[in-house]
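Presented below, as structure tokens, is a lone chain in the form predicted alone.
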Amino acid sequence: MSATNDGSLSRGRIWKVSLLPTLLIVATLVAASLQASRLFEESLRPDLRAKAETLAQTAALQFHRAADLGIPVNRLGAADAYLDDAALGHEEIRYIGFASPDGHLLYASRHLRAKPASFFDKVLKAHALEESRGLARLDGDLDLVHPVESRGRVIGQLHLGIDATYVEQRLQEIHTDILITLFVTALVTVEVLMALMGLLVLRPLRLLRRLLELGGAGDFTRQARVRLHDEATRALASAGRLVRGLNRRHAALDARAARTLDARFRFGDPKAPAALEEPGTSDLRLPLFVFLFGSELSRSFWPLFVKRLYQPGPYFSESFMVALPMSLWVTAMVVCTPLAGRLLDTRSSRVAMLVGMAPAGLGLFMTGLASSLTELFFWRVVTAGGYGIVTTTALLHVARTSKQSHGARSMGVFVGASTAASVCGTAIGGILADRIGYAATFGVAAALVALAMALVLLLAPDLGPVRAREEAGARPTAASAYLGILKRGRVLLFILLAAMPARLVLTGFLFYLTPLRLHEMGFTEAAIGRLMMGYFIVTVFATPVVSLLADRHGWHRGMMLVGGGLSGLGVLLFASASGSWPLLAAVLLVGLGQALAATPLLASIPPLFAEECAGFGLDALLSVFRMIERVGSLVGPLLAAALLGTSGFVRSTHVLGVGMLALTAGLAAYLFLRSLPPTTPTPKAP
């Protein structure tokens, strides 16, 4: 089948068709966002002054009450601590001071006490040139003065220092959040449009073409199952009615006439026709995207969420307990990975997806309600088990329905959906956690998983287990296949050098060390999510380009090596970076490296290990690959936690970066040796 007919060109046309409505939607949202931003900016500055005046009135009550009781305001005890408490929790308020009517500072909050005595003289002079009534600007701050009265006379003045850059910082964060939301909206729109175009247009037309091809060959035994009622499916239904009519007429013929026709044509049972299905690599893309979107919402704040529940104990350090759920997650995924293959063989991909999504959704919801680390660990394992089944099912579905000549592009469907979901989940999750809290964010994640289950029921084809059984043939059982593959040293060495380092950097560096480091540097949850999103954005844009170039030019191995090198350099750059832009550049470099290394990786397995694929099956080989690969994900957080506890952030990051470069050099040597002609025959797979 040509590239034109196998769906690859159609995906390009779908992308073009999806781009126009996406741009229109984004343009509309941009206009609405600009208007909302302008209105918000106009109201924020007055609101900030109004809040400061309200706080001043509240703080003045105790001085007013003391004066009413006859206590001189210059003899109040603990007034400094009172002002400290009054300023606490108001990040835009730098200080609060109380001065006598003649301008002597009597009491001050901590920040004002730390300033030299000349500072308050500047405050008084600034009010002589105040820009508006009661408000003066000095040294980047605004000083609001509020008179305190008792029985008709002024007993003192409260001075509130307002951070003049607070409004600009909040506006900058809001503008950034708006841009992120627009970007996520564009990604979600493209994903949904591409999936719907594929399901509503391409899939019915593909089935119609297949039905006509079978009819042209004299085969009238199969019927397509029509579940929707649009133009394309109506055309398919019309062809199906024609086939059913032929089968009914065939069944009504006498035996002699039927035998004459049976010599040239094949007819089916008009009451129970065989199903016609044409599985594609994009069948599960939309449910998978929505599921991963929900699962990734906690990515940017997960270590911070675990730290909130940590209680110091005699046995385990905080860094170990924060890393432990990430390792339990990977362990549960590894344990449940074989279950996905078994469900595919005995049931169907639709059933396997639903079996995985149900516990994942429940686990996400209950994780948000966890009140102890024990509860959190339990529900994290439940979530991870479902996550492992879903992702492995999607991967095996893509592997079974893709063609080897377009392996990287087909795997790019899986990688692209998972990466786009990671972009959306990481960015929106950080914003949601900042606005509505952790528990509500996990509730949103569970709702998205429930939506993914509904999409599976509505859109995913029910292929049944027959296809898997036909393909399995006389191959060994799953257990014996796994053992046979594990005995192959060259397979294990490739996974150890190519897959495990990438996963180790991903979980140990990006998911564990990066949020902790950024939080330590003063970044909020939303800011951490924004910066980490850079990793996924570059992966989204790089993945289709990398997969196309890898398939077209056969650059799979070279891209893996370049990707490993860039990942190592990015980790090393992050260790020495301090500002937002250098940190972002390091994260982008790691993302580009991971895209180069991961996208052609799965597509490299069939040509590199053709003998193992033929002997054990591609499903078994990919399952073993994913299991061992996830060992890297398991080790990553624990190794990073151990390094962080013993040598600090910079050295631990250096170890990860240098290790990544060393293992990439080992992979280069391995691939070079594999390219040499064999000197000894390789033991054959069964």
Partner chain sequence: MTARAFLAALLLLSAASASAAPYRVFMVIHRTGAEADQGFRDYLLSAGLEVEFTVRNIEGDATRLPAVIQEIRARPPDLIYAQSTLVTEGLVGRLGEVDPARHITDVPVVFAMVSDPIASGLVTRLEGSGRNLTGAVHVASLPVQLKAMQSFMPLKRLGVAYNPSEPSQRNMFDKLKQLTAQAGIELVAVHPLGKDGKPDAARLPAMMQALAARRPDLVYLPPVNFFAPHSQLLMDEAIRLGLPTFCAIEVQLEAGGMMGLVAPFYNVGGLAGFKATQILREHRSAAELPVETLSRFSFEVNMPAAHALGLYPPMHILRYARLRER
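C-alpha atoms forming the largest set that superposes within 1.5 Å between two forms make up the rigid core. Predicted model, so just to flag it, every value in this text is computed and none were measured. Numbering follows the first chain given and starts at 1.
Another form exists, predicted together with the partner chain; not displayed. Remarks below refer to it.
Contact check for F625: every heavy atom lies farther than 4.5 Å from the partner chain in the model of the complex.
Heavy atoms of R65 reach within 4.5 Å of the partner chain in the model of the complex, making it an interface residue.
Under a 4.5 angstroms non-hydrogen atom cutoff, the partner chain in the model of the complex lacks M453 among its neighbouring residues. Taking non-hydrogen atoms only, E318 never approaches the partner chain to within 4.5 angstroms in the model of the complex. Put simply, of P72, P116, G313, G89 only one has a heavy atom within 4.5 Å of the partner chain in the model of the complex, and it is P72. G77 is the sole member of G216, G152, G77, G489 with a non-hydrogen atom within 4.5 Å of the partner chain in the model of the complex. Residues of just one listed stretch (81-89, 325-333, 345-353, 605-613) have heavy atoms within 4.5 Å of the partner chain in the model of the complex: 81-89. With the core superposed, V201 shows a C-alpha displacement below 2 Å between this form and the one not shown. Once both forms are fitted on their rigid core, the CA atom of G97 lies 2 Å or more apart between this form and the one not shown. Superposed on the core, the two forms barely differ at R308: its CA moves less than 2 Å between this form and the one not shown.
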